[in-house]
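What follows is one chain in structure tokens, specifically the form predicted on its own.
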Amino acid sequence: MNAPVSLKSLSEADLMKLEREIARQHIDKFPYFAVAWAFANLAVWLSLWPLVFTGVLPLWAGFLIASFNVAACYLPSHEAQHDIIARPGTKLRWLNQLVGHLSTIPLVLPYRVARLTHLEHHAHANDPALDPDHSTHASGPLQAIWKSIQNRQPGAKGGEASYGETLQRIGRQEVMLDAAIYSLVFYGTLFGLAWSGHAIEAALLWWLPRHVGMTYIQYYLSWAPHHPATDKGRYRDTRSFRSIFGNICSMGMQYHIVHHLHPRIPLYRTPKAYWQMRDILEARGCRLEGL
């Protein structure tokens, strides 16, 4: 669908005004589902351990559920990273921070590390030198999955391994301590479980689900919405796209372009915002692929 002639004839300033008017309809809407999602998802993941250890739930089922829990744990924290739940100085700021910190525990990703590096991604999307997520990009889906796995191998310099460089560049080296503590707890737990004779449970309830979830998250949150990751600028560094698995299974990323343009729009409102401003985005030269 081409943008209406009436829109194409408008100036950049007029298009921006229309776009912002639509965005304002969606900003500052409380993401009730994301908050509930954060606590429910973590509670389910924690409950897997006693259920599997007592034999109530078979280990194979625990593995499948745990993999889902890890893949689903990042997005509530992502809402908190952009202060969507509550802005600094407001009464519910504690809730924003609590969701941010708790929701990514299964992913073993500290909130402060996630937030600071993600904001750098927004500031420098698709810049090979400054975008901390640039190493996840690849020429196609299979290579994107393979690169995600490679970036978690010993000695790798991409993926999470590059976050330390980003934190050092922006002068927040102290946040690396968070990552060290998370890693010590993670590997200490795995070691303790293995030592007590529960190595398989440790591997299938946390270690392997973490890798599955991380790959899924990096594919849909990093690779798919930015591919081929060559353009820069707010209106070209990301895109809309149609996923064969639909918007829910693609973690809402089909409309990721709206998030980069207006990061404080809650995830659940990005589809509606997209369809309201689609013609405007097309008139501004955005990459609208398949939607």
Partner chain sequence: MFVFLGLIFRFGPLLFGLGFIAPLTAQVIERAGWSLPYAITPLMAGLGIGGVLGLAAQLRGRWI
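Positions refer to the first chain, counted from 1. What you see is a predicted model, and the numbers here were worked out from it, not measured in a lab.
Omitted from view is the form predicted in complex with its partner chain, to which the following refers.
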### Task
Please state whether every one of the three residues Gly246, Ala283 and Gly290 places a non-hydrogen atom within 4.5 angstroms of its partner chain in the model of the complex.
no
#### Entry: its partner chain in the model of the complex: contacting segment from 74-82, 89-97, 129-137, 150-158, heavy atom within 4.5 Å
150-158
### Task
Could you confirm whether Gly197 comes within 4.5 Å of its partner chain in the model of the complex, counting heavy atoms only?
yes
### Task
Verify the contact flag for Leu119: yes if a non-hydrogen atom of it lies within 4.5 Å of a non-hydrogen atom of its partner chain in the model of the complex, no if not.
no
### Message
Under a 4.5 Å heavy atom criterion, is Ala203 part of the interface with its partner chain in the model of the complex?
### Response
yes
### Task
Spell out, yes or no, whether the shortest heavy atom distance between Leu177 and its partner chain in the model of the complex is within 4.5 Å.
yes
### Task
Have a look at Val212, Leu102, Ile170, Leu190 for me and say which one sits with a heavy atom within 4.5 Å of its partner chain in the model of the complex.
Leu190
### Message
Suppose contact means any heavy atom within 4.5 Å; which members of 113-147 contact its partner chain in the model of the complex?
### Response
Trp146
